[in-house]
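Only one chain is given next, in structure tokens, and it is the form predicted on its own.
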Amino acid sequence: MDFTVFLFLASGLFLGWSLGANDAANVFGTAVGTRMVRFTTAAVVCSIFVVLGAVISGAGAAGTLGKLGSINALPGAFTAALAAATTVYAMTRAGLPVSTTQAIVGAIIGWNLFSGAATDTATLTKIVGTWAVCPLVAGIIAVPLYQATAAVLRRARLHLLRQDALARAALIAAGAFGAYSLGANNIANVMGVFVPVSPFTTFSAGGIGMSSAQQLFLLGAVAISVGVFTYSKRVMMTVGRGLSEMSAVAAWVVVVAHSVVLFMFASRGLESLLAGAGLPTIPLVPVSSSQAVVGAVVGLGLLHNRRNIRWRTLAAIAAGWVTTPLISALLCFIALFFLQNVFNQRVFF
């Protein structure tokens, strides 16, 4: 591969690293924050299943993101990914679980504004709509799931040691499902802008074939894994202990509710099943894992005692959600100007 091509893909890898550093907290933050799972164990499990989810099921949400604005030049894709990654990294430094989805959407709109390309308002409305629906659905799932789980455990009357061991195993299993869902849904945020200008060609070896998009997703997933290992612990603690005190059961419920929401918005199989039954389908869009996990945490907080919720922390997180797409769009617009006029790179055709 040409070195220039690899250089342009580097911003996507940086965005993947930033997503891993920030959004791994949504998968294992509650488990690590409650000290039920060690950080190293969480990082290993998260990394493996993020890669599997991205390569196997990542295409669905990426297609919708491409409709928002099809970036048709590799330098333009590089700039959009770099703007989103810089925004997410800055928020991660502040210890806030922000939305990588909002960052890349803001960057794509910045590219659209600079290039004069039309923003697909129907797709934008669909994506923005999920930003409101996602935390609400996660909270709605979390409350009855917690009540049912607590009822089962009360009837089981397990010994404390056995209950503790069961809780740890359940948290790891839920984290694996959550990591798979994160890879399937959010790899679109990392490499979606590169799909129309992918430098790879389809290849097969040993009877296993990989499309150009899958190769991009594999690279992005590896970058996510590196971010998980190197920089995710601080945000895990914010999610796990900063919003509300949680028991091991509540921590498990939060991860499961978050994972179900991400899977719902990334599964082509579920879409086909609903369509075949004549039911309304769920849009395949990259949703915010941060919003899903925070919605689940707040839902459980309201179920028990709203005074347990740290509203100041929630307000800081919500402010990050509002400013993330705006900052990302502005950064992308400014960076495109410099890349085109100072470095003579063609950022759109």
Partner chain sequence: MGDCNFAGRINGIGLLTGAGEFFILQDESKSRTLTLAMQLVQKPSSLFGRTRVLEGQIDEFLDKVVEAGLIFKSAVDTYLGHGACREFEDFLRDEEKVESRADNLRRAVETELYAQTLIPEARGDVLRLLEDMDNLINMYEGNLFRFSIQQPAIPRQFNDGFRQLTATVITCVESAVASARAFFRDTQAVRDHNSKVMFYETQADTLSTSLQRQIFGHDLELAHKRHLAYFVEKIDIIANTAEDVADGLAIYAIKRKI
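Because the structure is predicted, anything quoted here is derived from the model rather than measured. Take the two forms, superpose them, and find the largest set of C-alpha atoms that agree within 1.5 Å; that set is the rigid core. Residue numbers count along the first chain shown, from 1.
This next part talks about the form predicted in complex with its partner chain, which is not shown.
This chain lacks the partner; the member of Val226, Leu218, Leu136, Ala150 within 4.5 angstroms of its partner chain in the model of the complex by a non-hydrogen atom is Ala150. Checked against its partner chain in the model of the complex, the residues Ala90, Leu166, Met237, Ile140 give one hit for a heavy atom within 4.5 Å, which is Leu166. Contact with its partner chain in the model of the complex, defined as any heavy atom within 4.5 Å, is confined among 179 to 187, 200 to 208, 264 to 272, 166 to 174 to 166 to 174. When its partner chain is considered in the model of the complex, Leu279 lies well away from it, no heavy atom lying within 4.5 Å.
Taking non-hydrogen atoms only, Leu158 approaches its partner chain to within 4.5 angstroms in the model of the complex.
Met36 belongs to the set of residues with a heavy atom inside 4.5 Å of its partner chain in the model of the complex. By the criterion of a heavy atom within 4.5 Å, Val249 is counted among the residues contacting its partner chain in the model of the complex. Contacts of stretch 203 to 223 with its partner chain in the model of the complex, defined by any heavy atom lying within 4.5 Å, are made by none of its residues. Relative to the superposed core, Gly295 shifts its CA atom by less than 2 Å between the shown form and the other one.
Core-superposed comparison between the shown form and the other one: the CA of Ser70 stays below a 2 Å shift.
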